[in-house]
Each structure stands twice: as structure tokens, then as C-alpha cells.
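Next up: just one chain, as C-alpha cells, the form predicted alone.
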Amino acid sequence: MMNTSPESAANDTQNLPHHEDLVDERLVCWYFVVALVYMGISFVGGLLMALQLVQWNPEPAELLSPGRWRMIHTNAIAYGFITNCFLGALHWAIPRLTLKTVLDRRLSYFIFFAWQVVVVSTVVGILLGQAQGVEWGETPVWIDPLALVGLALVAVNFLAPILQCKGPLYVSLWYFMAAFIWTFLTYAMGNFLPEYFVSGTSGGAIAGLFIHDLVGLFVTPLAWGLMYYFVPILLQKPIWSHGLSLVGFWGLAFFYPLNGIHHFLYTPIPMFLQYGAIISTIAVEMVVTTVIINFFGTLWGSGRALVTNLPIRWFYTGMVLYFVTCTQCAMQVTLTFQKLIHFTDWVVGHAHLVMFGVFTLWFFGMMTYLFPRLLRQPWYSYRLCEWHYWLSFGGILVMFLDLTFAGLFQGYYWASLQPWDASLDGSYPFWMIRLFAGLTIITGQFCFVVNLWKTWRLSRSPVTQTEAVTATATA
């Protein structure tokens, strides 16, 4: 049984006299900071690839080749930035939702350092040419067992306080529990079955499931679970519909595991699997619509918060873009549409929209809300916070539209049977816009890091610490 009443709001900092005993705030801060470091590494990979496309990257060394840094770009986001953000946010949310600490704080610190070893080893292994041939599963073979053990430890550490709860569970905890189980099984499926047990077309089908299930059964449930936690707190009202929250959770659980095959339409994979993937992908869009309606129903009557509350603006911007990307996905998985956009930049734009335009924007909203509480110091500059939002949102919007149109042009170039060079010449203007859209996004993150650094410096000043604690408590 789920509970969508605003207990989480009641359990927030102001109403928990001993909240510091529940949450290790230093560890939460560490996770967010190291996530930003990995984001910077990922941006280096993306920039090298963008420069290569416009022929501005001379490739002075093989270790700087865009082929390798493209894999670092995706892995640093998936396992460096996103995973560390999740671990930090979960260390904040789960103790407040359960009123219980994680199983063992020593285990939490062990997981923190062990996971950084896994991510750094993955980067080094890819640079040295040890990558596997599985999208999002390029981690070197010897790292996979370590990563799987780490995921199991994360599940045990967080499930312990959840399973001790009595009575109805808040909807966020349902998403979290499912994600811990799904992520472990998905990672094992994608990194072990194609490598050791299943080859050929069957292995490709499993790889397709892994690619999408990692998004839908790892990133999506944890992200939406955190939205169900943070939005009621910031709006100070319950989620609009208990029934729609049930539809959203069970719809995700039922339809999303079947989606991955839509990456391999028009392949030797049996057509009944391809048709099943198409139908389930379109069904997911209907499920997502119920979730979006639920959150905008919650916002109803509090629309002013989009102007006055920056974290809420981050969250709801991501929700709108999530609806856009799922609508786009429902279109692009049809066999007719797939003929045009397969292997084009349309798919690249789609991936950037969901990973940066949705989930990363949500993480920025969480950081914007939590860093002043973690540091007990208001932001150094609210203007820099605004610049961070507008540069990030504007940059990803331009990049998404640019790559979407680039994909359509490329598809028509190929369908017209013109020489390959014609499609390259037609793509250069789009790739140039993509480069500067990426630089805009990077500039936004620079504003955020500078603001965070200045805020941290202020928090170290003994003169402002007392005032900062008071201001943060009343914020």
C-alpha cells in the first residue's frame, strides 16, 4: 500500500529536532561534489567529440581520440555523475522518509570510496583500450563483478531502514525499493549474459534491453522517487492524486522492461519482439502522461513558485522535457519513422534531452535546494543561480532542436541516395551549432561551480556562520 500524504514535508529539517543523527550531511555533500567533478570530465569528452565533428580536433594522441572519450563522456555521466547524485540524494531522503538511519554509516563510506575506484578504473580502462562492445556497458570485464557487488551493498544499506518501516510506505520508497532490485538485475544481465553466455542476435537483443532498462529501471524510478519526495516539501502540499501515483509506478514496472528492443528494429531479432517493444514504448508514454498530470495537478494554485522557487523551476522544467522526450520516443520507435531517423543525430539529440534536459536538471534543482542546507550558508549569488538555470536550459534546448533537425536532414540525404559526402556537408552547420550549444551548457556549470565555491568560502567564515544557520533554517 502506498501513501502519498506529505509526511516527507513534515519530516524535513525544521521538524526533526535530531535530524543530524539521521543524515550524514558531510557524506551527502561529498557525493554531490564528486559528481560535479565527473560531470566536468564528461564535458571534456563531449567537447572533444564536438570538435572532431567540425574538424577542429587534430587528435594529437590516441589517448585523446574522440572514439575513446565518447565512451568516457557517457560512462562519466551514467556512473560518475548520475550515480553519485543518486547516492547523495538517497542518503538525504531515505532517513527522513523512514526516520531511521542507513544500515551502517561505515558501509556508506566504504561504498563512497569503492564506487569512486570503480568509476576511475572504468575511465582508465577505456583510455587503455579495454572497453567492452556494449553501449553503457563499456566497463572493462574485470570491473563488472566489483560494480555488481557495490550495487548489492547499496541495496542492502538502503533497504534496511525501509524494510523496518511499519504501515503504508510513501510512494518514493516504492520507487526506491524497485530500483535497487531492478538495477542489480539489469547490470548483471547486460554485462554478463552477452559477454559469457549469449552471442549473436540473442546477445544483441539482451544488449538492447540493457541499454534502455538502465535508463528505465535504474535512473527513472530513482529520479521520480526523489521528485515525489522533494516537490511536496517545496510546495508544502500533498501529491495531487494517490491513484495516479499507483498508475505511474505499476505502469513503469509493467511496460518499461520490454522497451529496449526498439533500439534494434529492422534487425534479425524476431519481429514479435520488435512489435512488443514498439507497443510497450508507446504505452510508457501514456503512463508518463499520468505522472505529469499528477505533478502539474500538485502545482495547480501554486504556479507562482515557478518564478520564486528556483528548485521547483528546475524540477518542472525537467518534467516538461521528460514529456517531450517520451512523446518523441513514442514517435521514433514506429517502423515508418525509424526508417528515416535511425543512426542519425535525431537519436543523439533525444539522448541528450533525457539525460541532461531531464535528469541532470532535476539534480541541479536538488543541489540548489540542498547545498545551502548542507553548508548552512545561503547562496553567494542568486544571480549566478539564475544564470546557471538559463544557460543550462537554453543550451540543452538549442542542442536538442539542432540535433533533431540535423537528424531529419541526414535521414533525407541518405534516403535520396546522394553520395555520403553530401550528408556530411549538410551536417556541418548543425554540428557547429551543437558545439556552441555545448559551450553554453559548460558556461552554465562554470557559473554554478564558482557560486558553490564562493558559498563554501563564506560558510568557512566564523563571522557569517551564525547568521547563515538562522537564514537557512528559515528559508
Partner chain sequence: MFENKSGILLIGGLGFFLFSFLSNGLVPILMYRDLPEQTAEEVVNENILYQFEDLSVRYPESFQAAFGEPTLANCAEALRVGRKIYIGEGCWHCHSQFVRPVSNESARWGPVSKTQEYQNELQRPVMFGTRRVGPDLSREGGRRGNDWHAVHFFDPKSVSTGSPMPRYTWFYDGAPDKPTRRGLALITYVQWLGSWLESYPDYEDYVPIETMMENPLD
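Here the structure is a predicted model, which is why all the values come from computation and not from measurement. Positions refer to the first chain, counted from 1.
The same protein also has a form predicted in complex with the partner chain, omitted here; what follows describes it.
| For the chain shown here without its partner, which stretch in 174 to 182, 148 to 156, 382 to 390, 321 to 329 has non-hydrogen atoms within 4.5 angstroms of the partner chain in the model of the complex? | In the other structure, the partner sits against 174 to 182.
Original post:
Counting only non-hydrogen atoms and a 4.5 angstroms cut-off, does P66 reach the partner chain in the model of the complex?
Top reply: Answer yes; at least one heavy atom of P66 falls within 4.5 Å of the partner chain in the model of the complex.
Consider Q52 of the chain shown here, and say whether it contacts the partner chain in the model of the complex, taking contact as heavy atoms within 4.5 Å.
It does: once the partner chain is placed as it appears in the model of the complex, Q52 has a heavy atom within 4.5 Å of it.
Q.
If we define contact as a non-hydrogen atom of the residue within 4.5 angstroms of the partner, is D104 a contact of the partner chain in the model of the complex?
A. Taking the distances in the model of the complex, the answer for D104 is no, it never comes within 4.5 Å of the partner chain.
Notebook entry, point to check: Does the partner chain come within 4.5 Å of any heavy atom of Y412 in the model of the complex?
Noted result: Y412: contacts the partner chain in the model of the complex.
Counting any non-hydrogen atom inside 4.5 Å, which residue from L246, L99, A114, L401 sits next to the partner chain in the model of the complex? Checking each option against the partner chain in the model of the complex, the one that comes within 4.5 Å is L246.
Name the single residue among T186, N84, Q377, T281 that comes within 4.5 Å of the partner chain in the model of the complex, judging by heavy atoms. Here the answer is residue option T186.
Stretch 326 to 352: residues contacting the partner chain in the model of the complex, 4.5 Å heavy atom cut-off
Counting only heavy atoms within 4.5 Å of the partner chain in the model of the complex, the contacting residues of 326 to 352 are Q338, K339, L340, H342, F343, T344, D345, V348.
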